[in-house]
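The form predicted on its own is given below as one chain in structure tokens.
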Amino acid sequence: MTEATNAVLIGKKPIMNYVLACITNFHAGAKEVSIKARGRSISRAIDVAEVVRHRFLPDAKIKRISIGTDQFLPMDSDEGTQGGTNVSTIEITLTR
């Protein structure tokens, strides 16, 4: 499997939906699963990682946590102008 297929993108669904996606990736043979979230979903991503590690796969370890910021420009602005919205991002990589 490629790394792109092992990414779980966190949104507004219940936490257990994303936990099931992570466990499914691991049972399909993935060595790593990446949990990605932006903005208000960051806390849900952390909850997913912890539920996977503590409740379902105790042998899963956190390999890497990456944080960053994405900047979204308004639709009517030029590329060179300042302004826009900053949104925090997180990527948690679990390995087994």
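Remember, predicted model here, so these are calculated numbers, not experimental data. Don't overthink the numbering: it's just position in the shown sequence, from 1.
One more form of this protein exists, namely the form predicted in complex with a further copy of the same chain; it is left out here, but the text below deals with it.
Spell out, yes or no, whether the shortest heavy atom distance between I46 and a further copy of the same chain in the model of the complex is within 4.5 Å.
-> The answer is yes: I46 has a heavy atom within 4.5 Å of a further copy of the same chain.
Evaluate N17 for contact with a further copy of the same chain in the model of the complex, applying a 4.5 angstroms cut-off between non-hydrogen atoms, and reply yes or no.
-> It does not: once a further copy of the same chain is placed as it appears in the model of the complex, N17 has no heavy atom within 4.5 Å of it.
Partner contact for A7 in the model of the complex: a further copy of the same chain, 4.5 angstroms, heavy atom = So A7 does not count as contacting a further copy of the same chain.
Do I62 and a further copy of the same chain come within 4.5 Å of each other in the model of the complex, heavy atoms counted?
-> Contact check for I62: yes, within 4.5 Å of a further copy of the same chain in the model of the complex.
Can you name the residues of 38 to 62 that have a non-hydrogen atom within 4.5 angstroms of a further copy of the same chain in the model of the complex?
-> Contacting residues: G39, R40, I42, S43, I46, D47, A49, E50, R53, H54, I62.
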